[in-house]
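Below: one protein chain in two forms, given as structure tokens, structure 1 then structure 2.
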Structure 1
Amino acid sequence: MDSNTKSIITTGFKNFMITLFRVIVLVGISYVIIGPVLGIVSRSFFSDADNYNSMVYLIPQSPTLERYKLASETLDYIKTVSGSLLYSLSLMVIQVVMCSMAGYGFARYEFPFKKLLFGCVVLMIVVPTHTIMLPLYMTFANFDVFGIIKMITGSSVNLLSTPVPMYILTFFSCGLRSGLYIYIFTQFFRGLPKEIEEAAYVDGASTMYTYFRIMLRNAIPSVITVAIFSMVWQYNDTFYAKLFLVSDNLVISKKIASLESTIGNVYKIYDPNILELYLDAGIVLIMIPLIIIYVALQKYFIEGVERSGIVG
């Protein structure tokens, strides 16, 4: 066996081992992520007998849709999901517009304290929201704008138990994960050639026209990425919903938290193992809209992640 043959065999063996290692890592990560989801979906079809049968693991012997029926009735599924999706969609649209404008400003313009302000954006990403939950609560429990409201009405306004605090925070790019979205748009706009804008300015286009009609259109992959992130996180949010006491009919993730106790009280089911099956069915029901959205926009989502600088 000559040296060339040995070199080819050695190279082939190394490539095989690298490929095998990658497959093992990917399979392991996939199991950790997908395994619990498969377990939830499987248990949602379990009958009482399947739940107590030690021989049943993933595939039920007597599958039933009873869990879905009661979970759907208890959640008032169609009405609650519609309200939650509309609420999340409205916040998502505001978040995309405002965060994209902020990201465009950081990427293209020079202004005083630019680096300091961008540092604040990074702090929004790394600092846990729980650290400012008390100031946020007090701000909207006694909401006022430079004392103007109190001067006119005689007292501040309590905005709790309404979605208004979320809309205010989102409008000023301080809402849920807004720091991350600004960072994504900033990285994306920095990667676009400045010649596009210069050509538009030469043709007489204004700054706002150039932004909305040219730059934002070129940023569609990034827009879709942020839109999906925003939609999913707003849909699943419980922190802000509980902090501002937003109605359960607008935040289905809050309603799912009380599903077990509600079903137990209404239908007189006291076995915690059986109640957990109804919770699994409710979780599957609230995941369905998100899965549909992701499948429909998967291509654009992956492209946006790759071009926005999140990975790599």
Structure 2
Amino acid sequence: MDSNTKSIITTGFKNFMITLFRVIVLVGISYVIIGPVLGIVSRSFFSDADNYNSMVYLIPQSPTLERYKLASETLDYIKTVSGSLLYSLSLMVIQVVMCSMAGYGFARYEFPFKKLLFGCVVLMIVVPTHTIMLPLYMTFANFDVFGIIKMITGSSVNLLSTPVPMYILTFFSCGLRSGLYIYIFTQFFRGLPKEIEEAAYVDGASTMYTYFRIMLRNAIPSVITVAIFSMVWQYNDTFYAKLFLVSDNLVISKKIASLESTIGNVYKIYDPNILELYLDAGIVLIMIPLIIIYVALQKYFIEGVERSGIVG
């Protein structure tokens, strides 16, 4: 055997070992991620007997849809899910428009104190929301704009237990993780060539027209990234929903927290192990919309994040 074939064999072996290593690591880690999801899905079909039969693992002997029936009735599924989707979808649209505007301003225009103001955007990312939760709670419990509302109606308004605070915050790009979205948009707009805008100006387009019809069109990867992040995180958010006491009918992930106790009380089920099965079914129900969105947009999403300018 000459040295050439020998080296081919060793490189072939080396490549094989590397591939094998990669397959083992990736399959193992994918299992860690998928495993619990599989567990939840399979347990949501368990009947009472399956739950106590220690021989049953993952595949129920007598599958039942009872869990889904009760869980969807208790959650008022169709109504709640469309409510929360509408809530997070509308917030997502506002989030994308307002944050991309701020990002565009930071990326393309020179104005005094720009560095300092962009530092404030970074500050928004760094300061954890819980630091400002109390002042926010107080602000919206006694809501007023420079005393104008008090002048007209005689007292400030309590906006808690309505979704209004969330809309106000999002409109002024201070909503859920807005700082991060402004950062993403700024980095992305910085990377776009200036010629696009200049061509539009030469053709006589106004600033607003250029921004909405040309720049946003070119920023599709980052728009998709922010849109999905914002949609999903808003749908999953319980922090702001709890803080502003937003109705459970708009925030399904908040409603799920009380699912077990509600079913226990209404249907007189006292066995915590059985109640857990209902929770599993409820979890599957709230995951379904997320999974559908994710599968549908998965391709744009991951590639979008890569091209969206997080990396600058």
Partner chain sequence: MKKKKTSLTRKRAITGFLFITPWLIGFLWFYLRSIIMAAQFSLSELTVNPGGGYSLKFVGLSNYLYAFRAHGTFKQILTTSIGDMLVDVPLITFFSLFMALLLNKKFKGRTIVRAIFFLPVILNSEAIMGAMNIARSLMVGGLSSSSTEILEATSNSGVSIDYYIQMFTALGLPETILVYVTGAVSRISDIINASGVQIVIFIAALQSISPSMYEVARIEGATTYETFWKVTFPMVMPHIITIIVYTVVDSFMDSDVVDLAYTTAFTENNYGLSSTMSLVSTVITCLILILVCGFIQKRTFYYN
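Rigid core: the largest C-alpha set superposing within 1.5 Å between the two forms. Note that this is a predicted model, so its numbers are computed, not measured. Reference numbering: structure 1, starting with residue 1.
Assignment of forms: the chain in structure 1 is the form predicted on its own, the chain in structure 2 is not. Treating the chain as two rigid parts that move between structure 1 and structure 2, Gly103 and Gly204 fall in the same part. Treated as two rigid parts, the chain shows its smaller part rotated by 9° relative to the larger one between structure 1 and structure 2, based on C-alpha superpositions. Lined up on the core, Asp48 has its CA atom moved by 2.4 Å between structure 1 and structure 2. The shift recorded for the CA atom of Lys14 between structure 1 and structure 2 is 5.9 Å, with superposition on the rigid core.
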